[in-house]
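What follows is a single chain, given as structure tokens, in the form predicted on its own.
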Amino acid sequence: MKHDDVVIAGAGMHPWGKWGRHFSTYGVAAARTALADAGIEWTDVDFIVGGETVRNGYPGYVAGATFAQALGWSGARVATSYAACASGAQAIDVARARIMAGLSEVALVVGADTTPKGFLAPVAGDRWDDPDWLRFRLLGATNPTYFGLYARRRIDLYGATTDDFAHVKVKNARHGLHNPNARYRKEVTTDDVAASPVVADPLRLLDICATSDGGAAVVLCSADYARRLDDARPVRVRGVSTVTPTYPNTVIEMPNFATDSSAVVTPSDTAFRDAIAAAAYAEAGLGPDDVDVAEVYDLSTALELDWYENLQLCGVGEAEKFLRDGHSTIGGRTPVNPSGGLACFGEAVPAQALAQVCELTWQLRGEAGDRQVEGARVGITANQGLFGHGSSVILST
């Protein structure tokens, strides 16, 4: 039987940090927490999706079947989703589509990561046709190099200052103080940011998120199944965006330094990151004025400012004012990253889009404790995976 409504029945995380264990440890812990939260057994799950990543340094490879085996073979259908940092959202999209089609009734979506020390880098070996390998091999362009370019763009176009960037870190650090799953739970001042070493001018160490180990999981089911569970806290999945860029993409995105030319082709009216949110809003039948809380991809402090505009929480060029006026702080008009964001968690690639959905689930249920956004009824996530993977999920009560 087909279903119009899919809900989040359970959410769970393994605390993020630098634990150095096998990634499946974090995924299984998060999955068991999510299953307990939903009030179901692993054997009740008829479909499991694992968020995957592709990088050296692993004691194994992340895949749906890896988690299925670790939880105990049950005969459940399985899938694996790779979309870099957007893997978790794409995995949710697969599970939701299968439930809506009537092919599954309850699905478990899991992401987990054990990150290598230092900057994320492509797999070893010579691959001249791989743009990610080329940017490291030819230019030495780590991810923070791009973050610095994006930050410089905001300075040049909109007059952003390094103090604005620092205030994003201060805000998210304050939010993360109350999150038991966050790796960094410490108050930060603008002086702390200014005193940290420059990594990619104009960004300093405290402007850039770390790499972390961690896991996150959600249980999706049909609304009919949730009613049979007597779930009094249903959170609906209203939209999932997984769009790709439109040619020509005039804003340089990782890992491409040279983009498609707009000399002979008129650029789209909607740039890639704007299109990610637009697709989610259209699918959900909601708009930015409906959003009460957002979890965005703050790989750097400056990138969070970009997302305010991409999600249409404010106009283009108004992100700095939106921040300074306190609108993105808990208690403000549209709090952003009440979890503390990646600033407090760090990157655990296949898990981070799922972690955003976990946070929104707790926010919409009113279960977020001291970081609760009062009266939250609609939440949106924003993420972006390497090689053109869009990612946004909209949830509502």
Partner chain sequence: MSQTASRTPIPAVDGWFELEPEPALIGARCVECSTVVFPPPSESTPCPNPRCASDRFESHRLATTGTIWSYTDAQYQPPPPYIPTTDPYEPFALAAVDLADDGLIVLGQVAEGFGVDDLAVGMQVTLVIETLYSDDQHDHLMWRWRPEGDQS
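Residue numbers count along the first chain shown, from 1. Here the structure is a predicted model, which is why all the values come from computation and not from measurement.
The next section is about a form of this same protein that is not shown, the form predicted together with its partner chain.
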For this session: Answer yes or no: in the model of the complex, does its partner chain come within 4.5 Å of a heavy atom in every one of W133, L139 and V198?
Result: yes
Exercise. In the model of the complex, which of 320-328, 89-97, 235-243, 255-263 comes within 4.5 Å of its partner chain (heavy atoms)?
Worked result: 255-263
Problem set entry | Partner contact for R227 in the model of the complex: its partner chain, 4.5 angstroms, heavy atom | no
Exercise. So in the model of the complex, does any heavy atom of D156 sit within 4.5 Å of its partner chain?
Worked result: yes
For this session: Would you please decide whether A121 lies within 4.5 angstroms of its partner chain in the model of the complex, comparing each non-hydrogen atom pair?
Result: yes
Exercise. Going by a heavy atom distance of 4.5 Å, is R152 a contact of its partner chain in the model of the complex?
Worked result: yes
For this session: Just give me the single entry in Y146, F272, Y82, Y184 that has a non-hydrogen atom within 4.5 angstroms of its partner chain in the model of the complex.
Result: Y146
Seminar exercise, completed: Heavy atom within 4.5 Å of its partner chain in the model of the complex, from candidates T161, T250, Q312, T190, belongs to T250
